[in-house]
Structures are given as C-alpha cells and as structure tokens.
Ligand SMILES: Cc1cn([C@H]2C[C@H](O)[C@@H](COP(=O)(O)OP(=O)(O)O[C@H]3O[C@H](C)C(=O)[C@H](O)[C@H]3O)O2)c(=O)[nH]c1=O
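Single chain ahead, written as structure tokens, the form predicted alone.
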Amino acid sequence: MTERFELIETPMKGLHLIQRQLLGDSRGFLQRLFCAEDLQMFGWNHPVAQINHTLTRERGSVRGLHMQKAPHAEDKLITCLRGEVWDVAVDMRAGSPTFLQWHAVHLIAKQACSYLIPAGFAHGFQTLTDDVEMLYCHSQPYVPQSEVGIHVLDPRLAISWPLPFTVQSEKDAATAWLPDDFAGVSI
C-alpha cells in the first residue's frame, strides 16, 4: 500500500487490482490514475509508452482478447472512466502454473479501481452498461506484427461472460481458437 494506491491480490502471479485513493471535498475529488514510483512496488517497471482511451457504446459489447508477444510484450494498467465492465485477463505465459486460466474483475468507474495486467496476459472486456469509457496505459507501443488475438469463446478458456454478446468487431469475431498444441508465449 502507498499513500495513493492499495494493492488487491488476485490468484495469478503479477495480476493485481489497484484501489485508488480519492481526495475530496465539497468541490469534488482528485485521484491519481498513474504514479510510476508507487506502481513500481506493484510490478510496473516501465515508462508509459502509450495511453489509449476507448468508448464502447452498447451494453454487452465485447473487446478482445488481445496481447502482444515478445519483444513487444506489454504491461497494461486498465481503468474504467465511465460505466461498468467485466474485465478479463488470461494467463498465456509458457510454463506458468496458471497457464490458460482467466481472472475477471468487475470494474466500476465510481469505485476507483484499476487492473494491472502484466506482460504475458491476454486482455478483454464486456461492457455491462452503455457508453463505457476506458483508459489504457501501455508499457510498449502497439506493433501490429506482435499482436496476438484469442477468440473470446475459445472452449479451452471457458470464460464466463456475464451477458449475451451484442457487438464485437469483425476482427475479433474472426480470431481463431487456440491450437491444441499451443504451449504459451515467452515474455
């Protein structure tokens, strides 16, 4: 725990929920979304290479599952700015004791939590409300040749999505299931 952040462990090594501390008064509040010095204690050891902001309009929409393989493997700090999501991380690390297991958190904008996802995990989410806004901090820039996509309905993962799907990109819908001999990614 730091002055601004509290670490909440998950069952997977390196995958954390970060509770942000709100400082408020009658005007409103201030919350620190990112602090390299504080987050280093929780495993973030890179500069921020890219920050992305998304808007997903329709409840039930699914984005993901995405990751980048080495040498562009990335840590992600995921924050819900508006609405609610079911946010999923899947361990794709070769040799990990939690290989191909997933962990999901319910991110709610007003609860001030972020999901710290280390390199070697695929990430995706489903919107639980309309007009969801998300903020992603990435430790590496996006490199299309290093992107790996995993189908969100892959039976080897058996992710329990909370809602029927309403919208998914053509690219994500066309993503293949993992091959039977998939042994993971090196990071």
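In case it trips you up, residue 1 is the first one in the sequence shown, and so on. The structure presented is a predicted model; accordingly, all values stated were derived computationally and were not measured.
The following text describes the form predicted in complex with the ligand, which does not appear among the structures shown.
S.K.: Only one of 133 to 141, 23 to 31, 37 to 45, 154 to 162 has heavy atoms within 4.5 Å of the ligand in the model of the complex; I'd like to know which.
M.R.: Among the listed stretches, the partner-contacting one is 133 to 141.
S.K.: Is there a heavy atom of K171 no more than 4.5 Å from a heavy atom of the ligand in the model of the complex?
M.R.: K171: yes, in contact with the ligand in the model of the complex.
S.K.: When the contact criterion is heavy atoms within 4.5 Å, does H123 count as touching the ligand in the model of the complex?
M.R.: Contact check for H123: yes, within 4.5 Å of the ligand in the model of the complex.
S.K.: My question is simply whether K69 lines the interface with the ligand in the model of the complex - judged by any non-hydrogen atom within 4.5 Å.
M.R.: Residue-level check for K69: no, no contact with the ligand.
S.K.: Can you tell me whether E147 touches the ligand? I mean in the model of the complex, with a 4.5 angstroms heavy atom cut-off.
M.R.: Yes, E147 sits close enough to the ligand in the model of the complex that at least one of its heavy atoms falls within 4.5 Å.
S.K.: Does the ligand, in the model of the complex, lie within 4.5 angstroms of each residue among T54, R63 and K76, using heavy atoms as the measure?
M.R.: Yes, all three are in contact.
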